[in-house]
Every structure is written in C-alpha cells, then in structure tokens.
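One chain comes next, on its own, written out as structure tokens in the form predicted alone.
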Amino acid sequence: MILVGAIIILIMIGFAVTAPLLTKYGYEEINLKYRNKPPTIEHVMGTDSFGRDVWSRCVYGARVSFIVSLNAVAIGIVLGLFLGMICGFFKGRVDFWIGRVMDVVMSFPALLFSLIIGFSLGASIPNMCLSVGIPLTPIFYRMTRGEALRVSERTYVMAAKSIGSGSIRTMFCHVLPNTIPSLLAVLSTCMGAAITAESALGYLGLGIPKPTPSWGSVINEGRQFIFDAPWVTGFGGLMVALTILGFNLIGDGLRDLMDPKLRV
C-alpha cells in the first residue's frame, strides 16, 4: 500500500513541478471558439465554459493544492506538537485548560471551522493555509499528548531527570523523538484531509483569487455545465480523489507497518 500510494503522490507532484513542460496552453488562455469541447488529442481533458484547457488548469491547480496542504499540515504539526508536548509532559492546570480549548475546537466540524476562518480572513493562499491548518491542530495535539504521557513515564526519561537534565532538554531530546513514529501515519491521513478541505474551500469560492486555478475552483467552474460538459468537474474531481487515495494508502500502510500485532 505504501508503494502504490507513494507512486500516485509522486506522479501528482511531478505534474505540479513540471506543469509548464506538460501543457501547450496557459491555464488562463481563453478561446471562446472551443467552449465546453469534449476531450480530444489537442485538449486531452477537454475545455471549460471559457474555452480554457482543463488539463492545464488541473496540473497548475496541483501546485496550489499541494502548497496549501503542505503548509496547512505544517501549521497543524507545529501547533499540535508544541501544545501536546507541554500538556503531556507538565500536566496540571496547563493540560486542563489547553485540553478544554482543544475540545471546543474539535466540537466544530472541521470543514465548517475552515469555512468560518476562511470567510473571516478572506481569499488568499496564506489565509487558506490558516483556514485548513488550524482545524488540524487538535488531531496532532491529542496524538502528541497521548504519546508524551506514555513516554514521560518510561525509565530512561526518569533517569534523565535524575541526572539533572532540564525539563526542556528532556522533553525535546528524549520524549519528542519517541512520539514521531506514531505521528507519521497520522501525517499522511491529514494530508488527504487537507487536500479535501482546500478543494472544498475552492469549490465554495473561498480559495485563492481568480484566475489562478486550484482543483476546487476547477470543479466549481464546471458545476453549472455538469450535464453539458461533465469532463470539467469529472477530471478535477479525479485529481482530488487520486491524491487522497494515495495519501490514505500511505497512511494505512504505515499504520500496519508500525502495529506490532500485525507483525508475524
């Protein structure tokens, strides 16, 4: 599963990186003579209602989707690791109050919370990263806190404290490295969730400003013509679905690999 998922993701990243080499048309190049044309040799994924090449918009849209998703997951990891390590290592009142804040955040559906943040901040790439990344924070927080609680009671951590190792040094040199393996499986799943959220925001018009494409905006632009030109939403949705499938396969494979119950 890891191999198949990695191949899918590498292909999608390859599309994003080499987009100028893979397309003959600009993603904003309008040709009204070819409006809503089905796939042909010239336009392998057809054209949209403005005569723009859907293939060009999909491969350029991969850049936006990956940039937003990577930055959003990075925001979630940084905030979640920091708060989870503090709560799991120090416990007490800090753990209680931060835990209650995380409970409030998790009480909102993640997509709804992203929509609220995106509507409040406006449409731009940095704002999209925050809109998608903040709702991911509780996932990394809970995982990190649980692992920190477990690891902080281990003998080698107590030995480090007994020989005079400070709290910060013990936390980052002994506790944190042992929480990372459990986060790897969650990381790939969260990447899939971030792709979904970014596409949803783009579909609802809260993504990046036009004419820069994203997968969500490609799907949204084809929505009004779904019966006349189903290939626009179809190929845009296919790119999203394959990317999410790739990340989920990697996540499931890593989870199985690190589960001792599945080792024979």
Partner chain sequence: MAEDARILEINGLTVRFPTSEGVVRAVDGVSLSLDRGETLGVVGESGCGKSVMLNSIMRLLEAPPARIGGEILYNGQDILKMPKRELFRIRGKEITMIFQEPMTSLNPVIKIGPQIAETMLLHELITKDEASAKALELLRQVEIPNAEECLGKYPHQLSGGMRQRVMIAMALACKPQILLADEPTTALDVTIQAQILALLRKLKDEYHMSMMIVTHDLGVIAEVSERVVVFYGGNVVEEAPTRALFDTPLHPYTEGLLGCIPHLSTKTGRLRVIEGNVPNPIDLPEGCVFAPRCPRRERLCVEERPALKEVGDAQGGKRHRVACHMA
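Everything numeric in this text was worked out from a predicted model, so none of it was measured. Positions refer to the first chain, counted from 1.
This next part talks about the form predicted in complex with its partner chain, which is not shown.
Of the listed positions (C173, V104, L112, V78), a single one reaches within 4.5 angstroms of its partner chain by any non-hydrogen atom in the predicted complex, namely C173. Though its partner chain is absent from this view, in the predicted complex it lies within 4.5 Å of a heavy atom of just one residue from N71, T189, S165, S182, which is S165. Looking at 150 to 158, 189 to 197, 128 to 136, 112 to 120, the stretch with residues near its partner chain in the predicted complex, meaning non-hydrogen atoms within 4.5 angstroms, turns out to be 150 to 158. Residue contact with its partner chain in the predicted complex: R93 places no heavy atom within 4.5 Å of it.
Using a 4.5 Å cutoff between non-hydrogen atoms, R169 counts as a contact of its partner chain in the predicted complex.
Using a 4.5 Å cut-off on any heavy atom, none of the residues of 1 to 16 reaches its partner chain in the predicted complex.
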